[in-house]
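Shown here is one chain on its own, the form predicted alone, set out as structure tokens.
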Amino acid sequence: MKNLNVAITGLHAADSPAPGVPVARSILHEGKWEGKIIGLGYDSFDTGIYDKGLFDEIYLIPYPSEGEFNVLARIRQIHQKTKIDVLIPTLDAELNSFMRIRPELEEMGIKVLLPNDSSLKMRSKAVLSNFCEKYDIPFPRTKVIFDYAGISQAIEDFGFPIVVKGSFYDAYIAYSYNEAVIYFNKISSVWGLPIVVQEMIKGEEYDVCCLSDFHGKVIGKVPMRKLRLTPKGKAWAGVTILDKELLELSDKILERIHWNGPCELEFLKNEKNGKYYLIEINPRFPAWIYLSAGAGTNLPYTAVRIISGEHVEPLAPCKSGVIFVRHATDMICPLDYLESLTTKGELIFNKSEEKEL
């Protein structure tokens, strides 16, 4: 299996890091990889492109907003130049495009592990509360709004503070009507409508990264308690835990939603009653996924095994008490790298340089 060529998207690693870099690190974590690790970036300044030693080749691809036909044409062009065996999308906003071109990818021999349409729609922030209500899964009171009147109604029903979320990304805590309006305008200008407003539940944040096979069978789970958060609410440090209640609730959610592939379940543990409340289901690996490799339950590497057709049994529980702490660093590289990306849309690393940047 280690001679496969694996292409990975989501290479930007800034204050709200994408998962592509840790997915690549997880695959390489298991030992010498004889195939290529191919990065698919959207911008020549996607910082993960320049992370030393991760990628053999980099190719720029069109943004999903430019249409799946253009995305498919570019991937076909790349595939003709360097064979792609497995493709792992890692961004919420690109999932629909890759799901629509899945038949064409498979015809080319490019294998993917993606959810189906109904599962993806069920986890949408705009309808997730309906899913939770139907299956008796604890969830914050939620309103889906389209205008300022919706903000006023949510404030009347929930009080302050409230959480204002976009359909794809971004979430802010508002302590006044004016703040809520500012966040409504900020999010809708980037991600459009509707906007999701939730009651604020005080408590610690927990994530569970899960991986299911093509038949919806859960192969592995890695639960993590967040220790440090960025101003955007992203985990900057966390520790693996083994909590029976949290794992059983995760199994219940995955069974009901019939999920295929990786996903991240986000929870809050209410400090008043000790119950776990599901707040989001993210349809891909999280940015902290390298923790799974360090904890002995390497989910990205296992995903490649599944996608390649290998029969994989459920993994043993991860080690508890393993922490991650994220840090920022400067990437140094020749100007030639940037010129190659901006002029050719690709960067082929020299093997003799061992991808030194």
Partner chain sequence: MTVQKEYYEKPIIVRHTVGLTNKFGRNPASTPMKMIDGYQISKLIENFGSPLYVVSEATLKRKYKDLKRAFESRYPNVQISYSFKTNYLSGICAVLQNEGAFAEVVSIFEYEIAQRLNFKGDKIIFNGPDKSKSSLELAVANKSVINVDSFEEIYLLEEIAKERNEEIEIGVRLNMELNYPPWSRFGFNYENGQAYEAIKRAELNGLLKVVGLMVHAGTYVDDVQVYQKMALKYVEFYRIIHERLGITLKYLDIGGGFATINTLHQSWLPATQTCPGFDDYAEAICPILLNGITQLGVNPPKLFMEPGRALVDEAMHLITSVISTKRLSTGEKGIVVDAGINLLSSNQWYRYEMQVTQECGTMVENTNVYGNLCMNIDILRNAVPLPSLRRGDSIIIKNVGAYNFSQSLQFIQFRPAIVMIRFDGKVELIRKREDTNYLLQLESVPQDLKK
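Positions refer to the first chain, counted from 1. In this text, all values refer to a predicted model and were calculated from it rather than measured experimentally.
Below: the form predicted in complex with the partner chain, not depicted.
Only one listed stretch (157-165, 91-99, 248-256, 204-212) carries heavy atoms within 4.5 Å of the partner chain in the predicted bound form, and that stretch is 91-99. Of the listed positions (Tyr177, Trp236, Trp191, Phe131), a single one reaches within 4.5 angstroms of the partner chain by any non-hydrogen atom in the predicted bound form, namely Trp191. Residue Asp147 is the only one of Glu271, Glu106, Asp147, Asp136 with a heavy atom lying within 4.5 Å of the partner chain in the predicted bound form. The partner chain is not drawn, but in the predicted bound form it has no heavy atom within 4.5 Å of Glu34. Although the partner is absent here, Leu341 is a contact residue: one of its heavy atoms lies within 4.5 angstroms of the partner chain in the predicted bound form. At a distance threshold of 4.5 angstroms between non-hydrogen atoms, Ser65 is in contact with the partner chain in the predicted bound form. When the partner chain is considered in the predicted bound form, Lys186 lies well away from it, no heavy atom lying within 4.5 Å. The partner is not shown here, but in the predicted bound form the stretch 37-54 reaches within 4.5 angstroms of the partner chain through a heavy atom at Tyr42, Asp43, Ser44.
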